[in-house]
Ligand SMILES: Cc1ncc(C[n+]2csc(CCOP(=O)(O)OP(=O)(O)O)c2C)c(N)n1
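Take a look at this single chain, the form predicted alone, given in structure tokens.
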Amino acid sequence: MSKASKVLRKPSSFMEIYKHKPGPEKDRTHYCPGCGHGIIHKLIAEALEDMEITERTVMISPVGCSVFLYYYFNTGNLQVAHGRAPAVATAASRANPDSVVISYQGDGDLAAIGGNNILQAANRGENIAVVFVNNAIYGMTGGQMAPTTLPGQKTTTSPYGRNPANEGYPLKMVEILNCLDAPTYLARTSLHDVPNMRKTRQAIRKAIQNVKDKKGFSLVEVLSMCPSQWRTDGPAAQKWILEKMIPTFPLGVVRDLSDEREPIARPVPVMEPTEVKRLLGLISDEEVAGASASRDFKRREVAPQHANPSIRVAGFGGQGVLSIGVALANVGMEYGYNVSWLPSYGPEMRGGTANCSVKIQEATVGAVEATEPTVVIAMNRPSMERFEKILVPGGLLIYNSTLIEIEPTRGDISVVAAPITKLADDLGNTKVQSMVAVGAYIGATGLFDLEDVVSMLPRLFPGKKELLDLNERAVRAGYDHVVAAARSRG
């Protein structure tokens, strides 16, 4: 390996291939040319690698241009609601005090809808690092005026320029947070030239180091380019930062108490899972009292290819695709596995497309999306054609032969054809095809005991007894069909 190849490489804190990113271009980001996000990403990734904390890091990304942060960072990732990153970061940090939690937010997110969230997290001195990207505009949603938009700056919602007499002045978040006692480190930097990129690098490293050392709340505000919404090119955008933004948002370290602060030591309260469910209203007091009398879910011996499944379930909206995933994840949790469930569906909902990812693992679940599934449950033809391609070699494809009239194309996978919709129709209600699919899965893999799944139905789908009976018959129908078909082949 040449010296140049050793230097010019992607930091290991990045995904080698951006496998979560849709489309064929999995070697580049989704950001516009000249955007500052890519530079900031690189500075963070280099810091994580150099500090050897990639495996301990959790990145928090809310709504905005950075909403797809999980495409790129080879860390734990949580994508959260608009403005709520500090709240979720608080939970992640307190539940996992040895983790390094980084909240990555834009100005429209942090200073607008998330303004109270960032104030409260800073005031509590949460052990998180916040990277605040300030480009003075809503970059993702069309270039509207942001809380940091400059006086006189034209945007799609201030076509005559921001008027302080009408819309107020830009919010200076570093200065606002500096009024609080708890923050440890507050700085504002810029990307308008190489020397200031170096200062940004230093500030980001300081903030992350503070979290690693449990020194409390740190925030770095970075003045960044947005050529697309500023209607300019990269060099001109950098010049605009220098001439227009910096006079309003002066650069520098506003507070640095890193050497003075003692490491934070907070107790981590631990509750029994049943008590958590009770407090959240997911289980009644009567069920809590009878919890000790519930079934003893004992793990089963299964073939290696069926252990620790990564499952992709897909179909039309209205086919119960998400319910299939919920059922499998909940049963897996009762068996003591680490589980995750991640839904994905279009705005059409019923009649549109839907899919979900389910992980049922012995080890900790890292990435929750099943980008390389070991199991695909396809409820319709478009889903099979799409997700059969990403099934790992040796994986299992279960497809709904009622609606899918073609054969799978691959010869390196196991295939189970089950007339899922027809079995549901035979029971008198197409809606229970989701439970037929659950039965087909456990019949094909043996990961769960049939009676264990049946015993959980009242908790999974509380309702009238006749509906519970119907769901039970659906699970058994799917299971029986797959088991009988396997026996006839064997």
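Quantities reported herein were computed from a predicted structural model and do not represent experimental measurements. Numbering starts at 1 and follows the sequence shown.
Here the subject shifts to the form predicted in complex with this ligand, a form of this protein not shown in this document.
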* With the partner removed from view, which of 412 to 420, 371 to 379, 199 to 207, 99 to 107 is the stretch that lies within 4.5 Å of this ligand in the model of the complex, judged by heavy atom distances? -> 99 to 107
* Asked: Of A87, M140, A367, V254, which residue is found within 4.5 angstroms of this ligand in the model of the complex when only non-hydrogen atoms are counted?
  -> M140
* **L242, A91, L119, I113 - the one with a heavy atom within 4.5 Å of this ligand in the model of the complex** => I113
* Asked: So in the model of the complex, does H82 come within 4.5 Å of this ligand, heavy atom to heavy atom?
  -> yes
* Asked: Is there a heavy atom of G64 no more than 4.5 Å from a heavy atom of this ligand in the model of the complex?
  -> yes
* To do: Give a yes or no for T189: in the model of the complex, does one of its heavy atoms lie within 4.5 Å of a heavy atom belonging to this ligand?
  => no
* **Contact test in the model of the complex: N135 vs this ligand, heavy atoms, 4.5 Å** => yes
